[in-house]
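Only one chain is given next, in C-alpha cells, and it is the form predicted on its own.
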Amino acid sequence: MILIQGKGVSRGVVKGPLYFYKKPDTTVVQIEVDDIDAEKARLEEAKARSIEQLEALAEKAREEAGDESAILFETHAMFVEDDDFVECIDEMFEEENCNAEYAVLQAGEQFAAMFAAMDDAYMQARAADIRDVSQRILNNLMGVVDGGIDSDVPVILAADDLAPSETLQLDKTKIAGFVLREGSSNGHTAILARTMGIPAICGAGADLTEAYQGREAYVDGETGQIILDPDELTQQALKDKFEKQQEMKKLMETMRGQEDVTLDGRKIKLYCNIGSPDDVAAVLSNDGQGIGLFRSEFLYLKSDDYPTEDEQFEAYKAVAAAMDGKRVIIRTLDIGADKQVPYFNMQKEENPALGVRAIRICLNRPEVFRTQLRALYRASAFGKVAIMFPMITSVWEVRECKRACAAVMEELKKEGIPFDPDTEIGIMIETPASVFMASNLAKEVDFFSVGTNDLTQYTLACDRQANDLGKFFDPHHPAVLRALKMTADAAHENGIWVGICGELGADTSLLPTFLAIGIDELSVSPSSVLPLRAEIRKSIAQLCTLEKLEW
C-alpha cells in the first residue's frame, strides 16, 4: 500500500486513475519549411478536427440550453471554412514559405484586427470569434487536448498547482477529484472543487510523482490521503466511507425546497458562489436561493484580450435570466495578487496582495471599469442583478464607484438601452480598514458582503495562498470573528443587510456564531447549500452565543 499525505480541502471519497496535468506549450514560432503540401495536409486535418469538436459542442449546447445556445458553435464551425480566411492562410503559405501554425496565427490576427476596426458593434464582436477559431485550429495543430484531459473516464487530476486561467479551461465532466503537490485551502482549485462538490487535496508534496500516471488511486478529501494499492482493511474502510457519503447525499435531498429558517423563526438567505455561467446548473440543482458572489474575473482570465461589453453582457444576462428573479450579486473585476492577466501588463510588485488589485485597477483604468459597468447595467434588465465592489478601504472609493455607475446609467438612458435604475450596490468587507470604517461605508451602499478569506489574511498578516502557515492562518481567530461582529453591527445600525461570501460561510461549526452576530446571508459553494440548510433548520437563534469571540 502506498500512502501519500496531503491536506484535505474538499471532502469526499473517490476512486479513479491519476492524470497528471501538462501545461500545453502554445508558443508559435515561424519555421521555414521544405514541403508546403505536407503543411497544408496537417492544416486540413486540424480544421476537420476543429469542425468535429465544434459540431459536438453545438449539439451539447442544443440539448442543454436550446437552439440559440448552439448558434455560437455552429458559427465558429463555419468560420473554419470561411473562403476569405482560408485564402489568407494560403497566401501566408506562399509568401512566407512557413509552417501551418504560423500561417494560421498570422491570418487569424489579420482577420481579428479587420473586424475590430469596423464601425459596427456586432462586427467588432466577431473579432473574438475569429481568435477563438484560430486558437482551436492551432491547438489541434500542436496536439493540445481540448479541455486539458485526454481520457474517456473521469480522472483524479494531479498537478503542482493550477492557475485560475487553467482551471477555467478544464473539461469539468472529466474530473472526479483534484490532488495538488502545492496549493492551499483558499486556492482557486480548492474553491473550484468545493463548487463542484468533489474531493480535493493540496500540499501532497514530492511524493506525488508522475511515475503514478494512470494508476488507480483513492482520494479522501477529509483526511487528505491519497492511497494506491490499499490493503483489504483500508479498501473496506474507504468503501464504507463512500457509502455513508452517498447516504448523506440522499438525506440532504430531503432539504430541497425547504425554507432557510431556524426553529425559532430566524430567516437567513442561503446563496451560492460561482465562477462562471457554467456553475449556475450547480446552483439550481443544489437549490441555492440566489447568487451571493459571481466572480466576474473569469471573463478576463479566459480571454487573450479585454472582453468586450457585449461578451460580458451576454454572460451576465445568461446568469440573471437563468436565476429567474432571484438575486444575482456580481462582483466587479477582481484581479491582481494571485490572479494575474498577462494583457493587463501589470508592473511586477514585491507584495501584490498589498498592491494594485481589484477596485484599485478599476479606478485607475476607468475605460475598463466603464465597459464592465455598462454590461452589468444592461444585464440588470433581465433579472435581479446587484453590483458589488471588492477591496474597498475608503469612503472616497465607494463614491468614485457610484459616480461611475451614475455616468453609465446616464449614457444608457440617452441611448435608449433598458436597465434597472434601482440596481443594488454593495461592497466587500475584506480589510481591517473597511471594518473600522463600516459605519461610514454603510451609509453609501445597500449591503455588505464579508470576504472572509482576505479578511483573515489581512487581519492575521497571513498569506492565504501559503500552504505552510498551518495553525497561524486561523479563520476562527477571535479577531476575525470580532471583525464580523463590528461589520454586522454597523450594517444593521444603518439599515442595510450583511452577508458572508468567503469559504468560512460554509463552516457549520460557526453557524451558531453567525446567528448570534446577526449575519443575514451566507453565500457558499453550491454543494454546501443543503447541509448548511439542515443545520439552520435545527438551530435556535435565541440560544446562540458569542462565546467564540472570546479567548
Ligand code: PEP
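This structure is a prediction, so every number in the text was calculated from the model and none was measured. All residue numbers refer to positions in the sequence shown, first residue = 1.
Beyond what is shown, the protein has a form predicted together with the ligand; the following relates to that form.
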Inset, instruction - Report whether the minimum heavy atom distance between L441 and the ligand in the model of the complex is within 4.5 Å. - result: no
Legend entry - A159 within 4.5 Å of the ligand in the model of the complex, heavy atoms: no
Inset, instruction - Although the ligand is absent from this view, report whether C501 comes within 4.5 Å of it in the model of the complex, heavy atoms only. - result: yes
Legend entry - N453: touches the ligand in the model of the complex, heavy atom cutoff 4.5 angstroms: yes
Legend entry - One residue of R136, R374, R295, K317 in contact with the ligand, assessed in the model of the complex (non-hydrogen atom, 4.5 angstroms): R295
Inset, instruction - Let me know the one among V435, I191, I175, A107 whose heavy atoms come within 4.5 Å of the ligand in the model of the complex, would you? - result: I191
Inset, instruction - With the ligand left out here, work out from 53-61, 31-39, 479-487, 501-509 which stretch has heavy atoms within 4.5 Å of it in the model of the complex. - result: 501-509
Inset, instruction - Give, in sequence order, every residue of 421-447 that has a heavy atom within 4.5 Å of the ligand in the model of the complex, or say none if there are no such residues. - result: M428, E430
